[in-house]
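Following this are structure 1 and structure 2, which are two forms of one protein chain, each written alone as structure tokens.
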Structure 1
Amino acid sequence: MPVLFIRTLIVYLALIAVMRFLGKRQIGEMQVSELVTAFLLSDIASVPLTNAAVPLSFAFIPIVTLICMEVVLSFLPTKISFFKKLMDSKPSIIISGGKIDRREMTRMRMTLEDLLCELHIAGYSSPEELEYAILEQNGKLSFFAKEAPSAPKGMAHPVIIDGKTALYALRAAKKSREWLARELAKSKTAQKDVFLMTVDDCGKTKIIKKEETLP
């Protein structure tokens, strides 16, 4: 028992020390390699804690190796462009000039629902309010609003997402399928051609056709 207690203290203090060595970035700001290192560290550190027959060196050698490699590999791209190309990804423009780039979304494995979720979190109700949306290297989305926004009133409910009816949004907007069919008929658009259709709380609809998005 005392051995496990002392071992836990040692491993904990050592982990704190090496994490300080790694830097001050938070989980949300971590690069992919840092995240992988963090996951590996937690796993490796637990081995000698749960098994007294395993020497502490079995944890310290991999931990110190990982941290050293992490520091070296995060420093090299700042000085050598070859490593920068190798290690860093580039930001992806998801909405460019007010148009949603579907190919980029597919490449980033991002669904329209994911994009809408991020928009809502950022305080936008619809993509039509945005000039640019950029998926940054750290995985966060940055939004740049249009200068003269044609902002919808209240919430813009996404009633059609990628050609499919979103019943939950239709219910939230207090609209029926018949109303949806009428609106589509009014705009002479087939549902399968709609990338995103929103309706705000005043009943104003906005249709983004698939042909209006970047392929």
Structure 2
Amino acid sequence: MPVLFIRTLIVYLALIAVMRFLGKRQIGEMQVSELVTAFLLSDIASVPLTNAAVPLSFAFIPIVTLICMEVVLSFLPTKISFFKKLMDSKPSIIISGGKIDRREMTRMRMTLEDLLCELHIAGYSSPEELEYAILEQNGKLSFFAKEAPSAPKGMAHPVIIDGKTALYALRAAKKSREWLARELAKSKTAQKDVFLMTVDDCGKTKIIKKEETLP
């Protein structure tokens, strides 16, 4: 038992030193190589803790090797452009000029619900308030509002998302299916052609057709 305690303490302190050496970035901000290294470190470190017959050197040698590789891989992109393209992803423009890029959303495996959730967290009620939305390299969305802010209109409820009725949003907006059908008929738009339809608390509707988004 004392031996296991000492081995655990040694590995624990060694991992803390290694992670401090790698930096203070959070998991969501790690590059792919850093995330892989973190997963491998935890797996390697567990071996001598669960099996007392395994020497500590069997953990330290792979850990040192991984750290050396991580240092080299983090240094090469700063000097060689090929490695930068290989190791780093590029920002993705999800909204450009106020238009949602559906192809880029699909490529990034992002749903319209995901985008709306991020908009609401950032304090925006509708995509029409934005000039650009950019998915950064660290996986976070950056928003750039249009220069002329619109008048206050409350929450914009997404009553149609990619051609499908969002019943929860209809209830939140205190609207009925009949109202929705009338609004679609008024705009001469088939529901299957709607990418996003919102209604704000003042009753103003906004319809974005699939043909109006970037394909």
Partner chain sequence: MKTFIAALIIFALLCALVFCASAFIKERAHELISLARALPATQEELASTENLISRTHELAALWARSMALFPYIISYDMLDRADDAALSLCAAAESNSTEEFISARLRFIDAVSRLAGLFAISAASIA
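Between two forms, the rigid core is the largest collection of C-alphas that superpose within 1.5 Å. All of these numbers come straight from a predicted model, not from anything done at the bench. Sequence positions of structure 1, starting at 1, serve as the residue numbers.
Legend: structure 1 corresponds to the form predicted in complex with the partner chain, while structure 2 does not. Residue displacement note: residue 71 has its CA displaced by at least 2 Å between structure 1 and structure 2 (rigid core superposed). Residue 161: CA moves less than 2 Å between structure 1 and structure 2 after rigid-core fitting.
If you overlay the core, the Cα of residue 52 moves by 4.1 Å between structure 1 and structure 2. Summarising the core-aligned comparison between structure 1 and structure 2, the C-alpha atom of residue 41 is found to shift 3.3 Å.
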